[in-house]
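Only one chain is included here, represented as structure tokens and corresponding to the form predicted alone.
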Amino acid sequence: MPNTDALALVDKYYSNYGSRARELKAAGNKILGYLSALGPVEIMTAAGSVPLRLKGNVSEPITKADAHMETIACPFIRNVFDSALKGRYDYLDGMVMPHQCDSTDKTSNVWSHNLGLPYWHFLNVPHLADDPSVGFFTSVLGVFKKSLEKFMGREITDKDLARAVEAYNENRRAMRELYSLRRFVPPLISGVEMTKVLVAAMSLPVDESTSLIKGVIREVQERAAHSGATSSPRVMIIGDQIDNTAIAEIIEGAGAELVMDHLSLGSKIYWPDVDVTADPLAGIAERYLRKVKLPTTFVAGGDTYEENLEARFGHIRDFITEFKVNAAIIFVYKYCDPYGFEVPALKDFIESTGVRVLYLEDEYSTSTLGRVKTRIEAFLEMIE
């Protein structure tokens, strides 16, 4: 891949999301859609399928989903479901729905009935991360593996799983290297560009995704790096699946630098690797249950409240230090209880590091961007 082509290819896959999966489907591959950071992509890839993380369209109103779902369900879930009903993912051979919250759990049968895909699997992910829960989840992944073997018509061997684990670990290492280029003052890659890379990467087979990320690294490294102080606020955004550049455009349009994220399509999935274990499923279960930092998973870290906060959010302090963050924006979708319940403790923890915090709760839609823009701009004006 020529050095000058990577970001152009990112733009293509960002603007035409799923276009590569559609091409692969036409070439005879089976495409499996999945929701959330808990989709076990290693197993799907080991089975010979192409995993595709689903996203909605924030610029398009929901016109079909509300006939089948309550309007108080997660706006992200409703929007993605609406896109699926409109045929955006008509090339899917199946879908994997990991249990993460009530909006995924209670709407799974609605998805399954209305989409009528050849393959459907609901993944029973526990909320605790103790030893019995990891053992239980390992068994759950074993059931999923057998289900995929039947659908794909082939055995998934431990060697298949080990190769997939290594491929995704390499992918994560490459993405972390790209993230490191945001530590510069100013960062070598903008928040808008990074958002596009994250979205494009989750739409590709793992090897193609890794190749694309490495191409972006080569291209971005050719930019001139500066050093010294800057008066621009260095912002970190925290939330779930923010898969559109609109928020990044607002932040950077206000003169700030979006230098880090803690999103479920960003650092939450790219920092933790899968450990190489004798039983690959055990290593995969350990990663998704204990290492992927989601508010729906309770990870106890000690006997006191402060120790538990450190176990849940200590890595965020490390990000703040490493990327020189001095402002944080917590963006939560309406009706998202898991993320909403976490906000008071998370906000207090971040503020204890000396970083100013803005908390926003809004829609998965560009229709409300006016009020979001006003609040972000007012917040950034207060940051020295």
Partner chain sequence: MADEKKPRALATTAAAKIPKMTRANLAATVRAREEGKKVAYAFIVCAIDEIMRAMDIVPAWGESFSGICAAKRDAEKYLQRAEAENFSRSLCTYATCNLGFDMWREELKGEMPPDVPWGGIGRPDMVLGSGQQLCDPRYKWPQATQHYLRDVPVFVGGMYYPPWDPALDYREQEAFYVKYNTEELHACVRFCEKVTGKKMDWDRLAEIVDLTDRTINLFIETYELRKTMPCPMDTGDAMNTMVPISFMLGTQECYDFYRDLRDELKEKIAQKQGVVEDEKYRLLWGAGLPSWFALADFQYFNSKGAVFPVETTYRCTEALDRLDLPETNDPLEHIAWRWVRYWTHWYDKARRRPGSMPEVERLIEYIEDYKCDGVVFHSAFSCRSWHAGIMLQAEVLRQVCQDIPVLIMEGDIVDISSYNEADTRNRIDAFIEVLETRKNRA
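Residue numbers count along the first chain shown, from 1. Owing to the predicted nature of the structure, the values given are computational and were not obtained by experimental measurement.
As for the form predicted together with the partner chain, it is not shown, yet the points below apply to it.
Legend entry - in the predicted complex, the residue from Pro126, Pro272, Gly215, Gly94 that sits within 4.5 Å of the partner chain by heavy atoms: The option sitting close enough to the partner is Pro126.
Inset, instruction - Using heavy atoms only and a 4.5 Å cut-off, determine which of Ser103, Ser203, Ser267, Gln241 is in contact with the partner chain in the predicted complex. - result: Among Ser103, Ser203, Ser267, Gln241, a heavy atom within 4.5 Å of the partner chain in the predicted complex occurs only for Ser103.
Inset, instruction - Decide whether Val299 counts as a contact residue for the partner chain in the predicted complex under a heavy atom distance cut-off of 4.5 Å. - result: Flag for Val299 set to yes.
Inset, instruction - Would you check, heavy atoms only and a 4.5 Å threshold, whether Pro295 touches the partner chain in the predicted complex? - result: Pro295 belongs to the contact set for the partner chain.
Legend entry - His99, heavy atom within 4.5 angstroms of the partner chain in the predicted complex: Looking in the predicted complex, residue contacts with the partner chain include His99, since a heavy atom lies within 4.5 Å.
Inset, instruction - Decide whether Asp66 counts as a contact residue for the partner chain in the predicted complex under a heavy atom distance cut-off of 4.5 Å. - result: Because a heavy atom of Asp66 falls inside 4.5 Å of the partner chain in the predicted complex, the answer is yes.
Inset, instruction - Look at the candidate spot formed by Asp90, Gln221 and Ala256 and say whether the partner chain comes within 4.5 Å of a heavy atom in all three of them in the predicted complex. - result: Not a single listed residue reaches the partner chain in the predicted complex, so no.
Legend entry - Contact segment among 203-211, 172-180, 245-253, 111-119, judged by heavy atoms lying within 4.5 Å of the partner chain in the predicted complex: One stretch meets the cut-off, namely 111-119.
Inset, instruction - Within 4.5 Å of the partner chain in the predicted complex, which residues of 191-218 have a heavy atom? Give them in sequence order, or say none. - result: Nothing in the stretch sits within 4.5 Å of the partner.
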